[in-house]
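Below sits a lone chain in structure tokens, taken as the form predicted on its own.
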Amino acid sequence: MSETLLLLDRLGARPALFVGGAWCEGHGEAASVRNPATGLEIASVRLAGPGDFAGAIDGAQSAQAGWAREPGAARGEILKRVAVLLAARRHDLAEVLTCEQGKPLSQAAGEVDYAASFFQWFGEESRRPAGRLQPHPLRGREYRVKPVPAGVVGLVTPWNFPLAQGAKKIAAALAAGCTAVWKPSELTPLVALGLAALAKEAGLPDGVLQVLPALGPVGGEALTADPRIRVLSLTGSTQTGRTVVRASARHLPRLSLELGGNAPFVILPDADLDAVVPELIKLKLLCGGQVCVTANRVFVPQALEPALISRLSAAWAGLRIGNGLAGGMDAGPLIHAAACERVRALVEGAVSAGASVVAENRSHESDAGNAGGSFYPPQVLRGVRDDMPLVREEIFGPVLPLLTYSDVEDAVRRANATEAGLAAYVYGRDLSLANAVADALEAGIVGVNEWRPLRAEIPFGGTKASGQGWEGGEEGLREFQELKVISSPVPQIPGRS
């Protein structure tokens, strides 16, 4: 048994499906879970097939009425116990996450903390949903407007943040009184199964959360074809979102979609580059750049570009790239070799069209143990143009393209010239100007002098082709609720007119 499976066993989980509060083998194909830093198999999981999803939805439907009847405070206590268990098992979960996803252990531990914050937040929010009494135009009657659970929900999450993305959706859905069928990525199923074990340990009733690792087409078809799925929440690419929208038209569930990004990072003329550079690097290297909200296009005033390149190059040389389990790593591998080839093609296309690489870090090559891993060297490019695929597409890798501009209005116009609208960043000393630019950027969330503005307490979602719906904040709870209006007589004392 591999060290990763021993950790999973310590969490009370197995490399299997979690249905009805028990572990069972799937009826789909077997998936080899590999450590991206070494290329070695760490586990094999028999994935879910169509019949497994049908059975899981049956179980979630059976558990729905009882879970919805639980007082919000009682549901919240279970969610908060999950948060406590995530904190207590932080190291084991982080190590499992690093082994199957590749990010540095410190980043994985941060993801566990982030996941716990959603269970804590929605554990509190679950006791707060309130309806209202609305005056009726007829005497002696009143309207009661109340939020009610939407029903069984389907959740689909990607491999880049396999624990946190699941936590956002699960905590909100369960707090709202819904039961959930969760399809984590087949590339990173282990930490999701670890979360399932902790939810059971926290006292979550059987059937309330079903976890079925599966191939995307299998899970997508199962969750969009079943009319009992009343909300479908997906985090994935824009193309996957379009596919889900078309498939969901059969039964018209509510859709909550967090899709691709192409975030601009606008450096204003008065920005403090010594403050900007370390935050830009942290943002870009988080999860190896495989983040939908990462800085995809860096807009810098033409006069500041030489100074920015100088500072970036100096910092770039000191980066440590390697196996995420080793201490002090700034970035790990990409998820697989195909991801490296895609990023390489984007960079080579840009270079052949006139861009140039001004900084590169190949420190991973100093360790022979990384030879089998899917590493791509972090790079900084200058001479990049807006019409290059490197700029038009989501890179999903540790590459920083620099685009110069002559005036701020031009930078804002170019920053908005994309179908994506998920996140954006603005850095500058003049907060009046910085906030004006933030208001003008077409994005769901903008960090002003902040590289990681995402928190459980605030809503997060995209505009344009980056999605619809919200995660986090009180708005995240509403994604899994319907409104019910009851018109009824006002209670009266008998004989009183």
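Treat the numbers as computed from the prediction; the structure is a model and nothing was measured. Start at 1 and count along the sequence shown; that's the residue number.
There is another form of the same protein, the form predicted together with nicotinamide-adenine-dinucleotide; it is not shown, and what comes next is about it.
Novice: With the partner removed from view, which of 71 to 79, 253 to 261, 145 to 153, 274 to 282 is the stretch that lies within 4.5 Å of nicotinamide-adenine-dinucleotide in the predicted bound form, judged by heavy atom distances?
Specialist: Among the candidates, contact is made by 253 to 261.
Novice: Does nicotinamide-adenine-dinucleotide get within 4.5 angstroms of any non-hydrogen atom of E186 in the predicted bound form?
Specialist: Output for E186 is yes: heavy atoms within 4.5 Å of nicotinamide-adenine-dinucleotide.
Novice: Is G110 a contact residue for nicotinamide-adenine-dinucleotide in the predicted bound form, using a 4.5 Å heavy atom cut-off?
Specialist: No.
Novice: Taking the shortest heavy atom distance, is P217 within 4.5 Å of nicotinamide-adenine-dinucleotide in the predicted bound form?
Specialist: Yes, P217 is a contact residue.
Novice: Is it the case that T243, even though its partner is missing from this view, gets within 4.5 Å of nicotinamide-adenine-dinucleotide in the predicted bound form, heavy atoms only?
Specialist: Output for T243 is yes: heavy atoms within 4.5 Å of nicotinamide-adenine-dinucleotide.
Novice: I need to confirm a contact call. Of G194, G421, G236, G177, which residue comes within 4.5 Å of nicotinamide-adenine-dinucleotide in the predicted bound form, counting heavy atoms only?
Specialist: Of the candidates G194, G421, G236, G177, G236 is the one lying within 4.5 Å of nicotinamide-adenine-dinucleotide in the predicted bound form.
Novice: Which one, E125, E394, E100, D330, lies within 4.5 Å of nicotinamide-adenine-dinucleotide in the predicted bound form by heavy atoms?
Specialist: The residue from E125, E394, E100, D330 that makes the contact is E394.
Novice: Given a 4.5 Å distance limit between heavy atoms, list every residue of 276 to 294 close to nicotinamide-adenine-dinucleotide in the predicted bound form, or none if there are none.
Specialist: Only a single residue, C292, comes within 4.5 Å of the partner.
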